[in-house]
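Look below for two forms of one protein chain, each set out as structure tokens: first structure 1, then structure 2.
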Structure 1
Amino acid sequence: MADGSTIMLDTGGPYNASNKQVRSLRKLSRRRSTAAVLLCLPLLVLVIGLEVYPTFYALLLSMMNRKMTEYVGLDNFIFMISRDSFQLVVFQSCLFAVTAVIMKAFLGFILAHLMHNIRGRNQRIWRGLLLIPWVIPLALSTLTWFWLFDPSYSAFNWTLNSFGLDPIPFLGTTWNARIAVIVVNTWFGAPFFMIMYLAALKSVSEQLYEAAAIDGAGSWQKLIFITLPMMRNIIMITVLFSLIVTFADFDIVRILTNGGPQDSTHLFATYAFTVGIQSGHIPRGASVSLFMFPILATLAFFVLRDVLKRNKEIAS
């Protein structure tokens, strides 16, 4: 009740306050916290009704049979693990998320540094241009990528052809398709990393670099001993956060390959969609997406820890 006491002090209260006044203040503060809970109520209803409850309901669903009439324990999970196509999904999801995030972080880091060298108005323009991939709705830009990769009259293959090279079936073979999916995700996500890193770079004090320069540090040493340690927290938060989003990605694979060729590019989300919604086996679909849960929960724990730590740093 820190607020309450300051208000009492300000009104010249506690020394000559009668019991009645104290009681009415207490009532006021009780009424205030009722109002506070009421203001939070829509948020709580939304989060509990449409996020917390479905998560638990998914657990229940995943342990039912196809018609959702009988409880079958962990059968759905065991069935999934034993399937080759699902093992491919696990492999591809990890490959996709880890590779794409590394690429995004690396590219974003380079772009942020290049951008940081440019000051003032020009930086705004260049930054604005580079952020366009992030602004276009992902489903639509992925459709454009699909058209770029088109085998019959694709812009990429035409270009290769004009240099006298053989056309590449970009989405036709397993590894090509896997790389294509990662490339599109990198294209979409790198600008986000750039913006985050640029904000972090701007907050590093110029004096640190000057001091290092006086001590004779080269640009490589400045990077290793000043920039990276100062950006460490932001890099961690961005990478962890992006791992969650990328791991649970749906749009790109769904539109670009729809899991093909031969189910080799399915991620958890697209596979769950195929099994649960398209084939109509809802419990199995639920079990597929629940396989993500332990990984996402672990990542979320670390994101939260880093974000709270950072908030404390900013506050102090």
Structure 2
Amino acid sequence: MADGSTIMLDTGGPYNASNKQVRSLRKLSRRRSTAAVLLCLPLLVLVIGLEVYPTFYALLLSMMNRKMTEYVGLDNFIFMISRDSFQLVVFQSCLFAVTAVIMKAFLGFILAHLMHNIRGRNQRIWRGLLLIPWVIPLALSTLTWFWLFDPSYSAFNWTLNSFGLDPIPFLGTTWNARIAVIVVNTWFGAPFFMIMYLAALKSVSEQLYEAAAIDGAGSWQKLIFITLPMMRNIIMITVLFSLIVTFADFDIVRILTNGGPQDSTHLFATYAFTVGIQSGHIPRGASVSLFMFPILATLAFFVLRDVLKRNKEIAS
């Protein structure tokens, strides 16, 4: 009788179903994908709370009137596009981002090669020194640059006066101010490119360079046919990341020029702050900030498509 009851419990009934559920839960918990989702869950919560929700909320605000009491559709976007000041912001943002990223990539590439050719302890010392501009808080370093460019107490103009040269209004004219903010952004961001490119250079096998040297390849040929192709993915991803960050830059322009002279150095972020916070029209400020999304989404699409295509070619 006892044996029979045991057989009945094992072959059917609710007890057997509960055992199957326990075993399925154990199998689920042992899967790597489940563990990966659980580990990434805090990050997903942060992304949703700090990125996804504010984005949709900004989209909602951009379609409301100034008092945020009724929807006006795309009127805020149409109004901003028709303004000359906003068209100037689009031009300045594109000029600032593209020029600064090109300069940072070029300077970072040169510094990475110089660091790569320094051996031993000296490389660590120089690498640490060159990372200082990127480590210092941007607001503090921009205040230092503001003092260097200041029309009354400029260290640059004091140096020029020492050589009998006329002072330069670094922040007083349109193109001087544009060049000034680009220079500061390049100074701040070049170390990031340097450290990324240096890591990519260290991953390139020395055997490739030795084989190319045996075939008679020179330095430029090694650079063009070995170094650049091997670093292509890192270069593309780094440039994309820097474009996104540079387009959304706020501190440099806000501290150096506050968008002047005559709104000629405003970027999307600073102009959105001016329109939305200082002028009190939050929906239009939200619409200005959302103009960055299609530009950056298009850049990200083409860059990531190229990276994925290259990865497939390497894998095949």
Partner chain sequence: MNSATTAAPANRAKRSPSLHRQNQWALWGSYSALSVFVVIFLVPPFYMLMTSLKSSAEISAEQGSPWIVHNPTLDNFIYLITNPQFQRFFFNSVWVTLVVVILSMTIAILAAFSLSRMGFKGSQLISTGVFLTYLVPPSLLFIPLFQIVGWLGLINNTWVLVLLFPTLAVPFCTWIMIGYFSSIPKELDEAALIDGANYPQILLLIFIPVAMPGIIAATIFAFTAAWGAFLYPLAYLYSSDQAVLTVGIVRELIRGDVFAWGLIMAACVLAAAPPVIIYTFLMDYYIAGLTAGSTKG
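Keep in mind the model is a prediction, meaning the values are calculated, not measured. Here, residue number means position along structure 1's sequence, counting from 1. We call the rigid core whatever largest set of C-alpha positions still superposes within 1.5 Å between the two forms.
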Would you indicate whether the form predicted on its own is structure 1 or structure 2?
2
On a core-based superposition, does Ile48 travel 2 Å or more at its Cα between the two structures?
yes
Large Cα shift (2 Å or above) at Met292 between the two structures, core-fitted
no
